[in-house]
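Given next, in structure tokens, is a single chain: the form predicted alone.
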């Protein structure tokens, strides 16, 4: 121990602390990690590298959006004929399916009786985006994302979507309590076909 006496930094309660250098291999790891982290910071975080994570993310997102759009272009949503939608507004089985979908998807914004809450009233004769059954189908299918209405065309089965539009047509002209004030242009609803 006498050989280390000149390397004692301090002594406390008989415990001596020696000034021993760190092993070379540990110092190499320490310096290597500092150099690596500086390089990593410059290349990725400060965007000096061309292959930044943000650029990769944007490229992958654009690729995914293009693939989804290509699928939609190859498989267009074909709306049913107006007479099919109108005749569905008289079929109780179709209306039951449409009412169930309306309760799950539409009632939070349009109200349980379609009287309008944050979404417009669907029972009056005024429509913001056209009130014909074809226009209603397109509004439901494509949505109005800028106004907060999601597109339901790809999220709902086509038969259920048609039943939903038939249900919406069947509630036009009803008088629910506390309706939201009318918005949009007046549109005369198409006559329902005779049974």
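Numbering follows the first chain given and starts at 1. For clarity, every value in this text was computed on a predicted model and none was experimentally measured.
This protein has a second form, the form predicted together with heme C (HEC), left out of what is shown; the following refers to that one.
Within 4.5 Å of heme C (HEC) in the predicted complex, a heavy atom is found for not a single one of 80, 158 and 166. Proximity of residue 116 to heme C (HEC) in the predicted complex falls outside the 4.5 Å heavy atom cutoff. Residue 39 falls outside the set of residues with a heavy atom inside 4.5 Å of heme C (HEC) in the predicted complex. At least one heavy atom of residue 105 is located within 4.5 Å of heme C (HEC) in the predicted complex. For the chain shown alone, residue 152 is a contact residue for heme C (HEC) in the predicted complex, at least one non-hydrogen atom being within 4.5 angstroms. In the predicted complex, heme C (HEC) lies within 4.5 angstroms of at least one heavy atom of each of the following residues of 127 to 157: 127, 128, 129, 130, 136, 139, 140, 144, 147, 148, 149, 150, 152, in sequence order.
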